[in-house]
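In C-alpha cells, one chain follows: the form predicted alone.
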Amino acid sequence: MRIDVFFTPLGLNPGDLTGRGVVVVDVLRASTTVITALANGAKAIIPAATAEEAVRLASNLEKDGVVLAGERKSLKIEGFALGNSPREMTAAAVGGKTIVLATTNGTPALVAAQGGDPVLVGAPANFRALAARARAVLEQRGELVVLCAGRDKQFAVEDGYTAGRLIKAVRRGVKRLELNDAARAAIALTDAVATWTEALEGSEAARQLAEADLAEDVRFAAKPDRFTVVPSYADRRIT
C-alpha cells in the first residue's frame, strides 16, 4: 500500500490523479467551509478556480437555488452573497442551495483533483469520519493521495499537519506502507506540533485572517469532529 502527499497542486499534470483515491485539504478555509455548508443542508457545492468562472457557472444554473460565495485575500468577493467563512454557512443561508464557491487556494486544488476516484474533502472538522472513509479507500485501492491546497502556491503548515495526522490515523494495522517524501515530512510535522490549535493558530493563514478580523474562523476550524459528513467531489459537484 502507498500514500502520497502533495503540499500544493503545483506540478500536477492532467491525468496524474485519474482513478486514484484523493483527499483534498484546505483547512483555512475552503474544505472547512465546504464541510460546514453540506452539514447544514446545502444541496451541493460547485468549486470554481476563479471568481469569473464562478459567475459564469452560476449563470447557467437556476437563479433561485444558487448562492455565489468566495474570497480574495481572505475577504468576501464584491457582489457575492457569502464569503469563505464556515461561520457564514448556516442552515438559513445555505439550506437547499447550490453554492458556487471560488477561493484563492482551496477551489483551485479541488479543480486540480478532477479525475480522482473518489475525491474526498477533509479537515479537522470532519476528521474522524474522514479517516474512516480514507482508510476504506486505501484498503480497497491500495493507494491514497492527500492533496494540500497550500497558501499562495507555497506550503501551508495547517494542511501539512492535517495530512500527517490523517496518515497516522489510516495506517494503523497496515503492515507495509510506502510513503513519498512529502508524506514522511507530514508525519514528522505531527511529532513537532502537538495539537490542531497549535498548528492552525501558528500559521501564516491564521495571521492573515486575524488581520482581516476573521480570527474566529481559525478557532472554528481548529475544533475537530464537529461533523460526520465526508464530502465527495465528482462531475464538478461536491455533495
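Note that the coordinates shown come from a computational prediction; the quantities given were computed from them, not determined experimentally. Heads up: residue numbers just count along the shown sequence, starting at 1.
What follows is about the form predicted in complex with a small molecule, which we do not show.
Peer 1: Taking 4.5 angstroms as the cut-off for heavy atoms, does Asn105 touch the small molecule in the predicted complex?
Peer 2: Residue-level check for Asn105: yes, a contact with the small molecule.
Peer 1: Can you tell me whether Thr162 touches the small molecule? I mean in the predicted complex, with a 4.5 angstroms heavy atom cut-off.
Peer 2: Because no heavy atom of Thr162 falls inside 4.5 Å of the small molecule in the predicted complex, the answer is no.
Peer 1: Taking any heavy atom pair closer than or equal to 4.5 Å as contact, tell me whether Leu209 reaches the small molecule in the predicted complex.
Peer 2: Contact with the small molecule, yes.
Peer 1: Though only this chain appears here, would Ala69 touch the small molecule in the predicted complex if you measure heavy atom gaps against 4.5 Å?
Peer 2: The answer is no: Ala69 has no heavy atom within 4.5 Å of the small molecule.
Peer 1: Which of 133-141, 120-128, 105-113, 87-95 has heavy atoms within 4.5 Å of the small molecule in the predicted complex?
Peer 2: It is 105-113 that comes within 4.5 Å of the partner.
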